[in-house]
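Just one chain is shown here, as structure tokens, and it is the form predicted on its own.
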């Protein structure tokens, strides 16, 4: 039996990383380690946070179809290696991808049976409050992230299988896990 490919997306500040961590606490998933061409930060570990590679190697991976999805952000490349995901799914393991909208659309195209869930904020005002509460985001960055978030939410409504609202981490985690169980029951 093949596992489920679960894609979780959402705008910056929506609490996606917290929800993904909670989902992984409650259910076993193979968590795909992305590749990136950016430099490793001091608090990051090779092969755990990312596989850090050279740009020419990333380009080879694109050309050879080795990436399930990829994107460029701020002049650096990020992507999900196809091989480990396929291997985990074929072994019956569920795979969780925490990726942006563009990558999710690539997964939708290359792996149509994937389950795509978008986490949305309760409101633009609440998203702004969350971004400000981080204390590490500049005013121009907040404005840019809010603009991108509005576009992402609008796009999500027509392209994701489900859009869930993150009013409470525990509630949205339960909702996503319920969706996953219903999806499995419908596909078996």
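All values derive from a computational prediction rather than experimental measurement. Heads up, when I say rigid core I mean the largest set of C-alphas that superpose within 1.5 Å between the two forms. Numbering follows the first chain given and starts at 1.
Another form, the form predicted together with guanosine-5'-monophosphate, is not on view; read the next lines as being about it.
Please check if residue 71 has a heavy atom lying within 4.5 Å of any heavy atom of guanosine-5'-monophosphate in the model of the complex.
Close contact exists here: in the model of the complex, residue 71 approaches guanosine-5'-monophosphate to within 4.5 Å, heavy atoms only.
Given that the partner is absent here, does residue 100 sit within 4.5 Å of guanosine-5'-monophosphate in the model of the complex, heavy atoms only?
Yes - in the model of the complex, heavy atoms of residue 100 and guanosine-5'-monophosphate come within 4.5 Å of each other.
Is the gap between residue 38 and guanosine-5'-monophosphate in the model of the complex 4.5 Å or less for some heavy atom pair?
Residue 38: contacts guanosine-5'-monophosphate in the model of the complex.
Answer yes if any heavy atom of residue 118 is within 4.5 Å of a heavy atom of guanosine-5'-monophosphate in the model of the complex; otherwise answer no.
Contact check for residue 118: no, nothing within 4.5 Å of guanosine-5'-monophosphate in the model of the complex.
Where does guanosine-5'-monophosphate sit in the model of the complex: which of 158 to 166, 118 to 126, 38 to 46, 22 to 30, heavy atoms within 4.5 Å?
Contact criterion met by 38 to 46 only.
Select from 71 to 90 the residues with a non-hydrogen atom within 4.5 Å of guanosine-5'-monophosphate in the model of the complex and write them out in sequence order.
Heavy-atom contacts within 4.5 Å come from 71, 73, 78, 79, 80.
Could you check whether the CA atom of residue 87 moves 2 Å or more between the shown form and the other one, using the rigid core for the fit?
No, because once the rigid core is superposed, the C-alpha of residue 87 moves less than 2 Å between the shown form and the other one.
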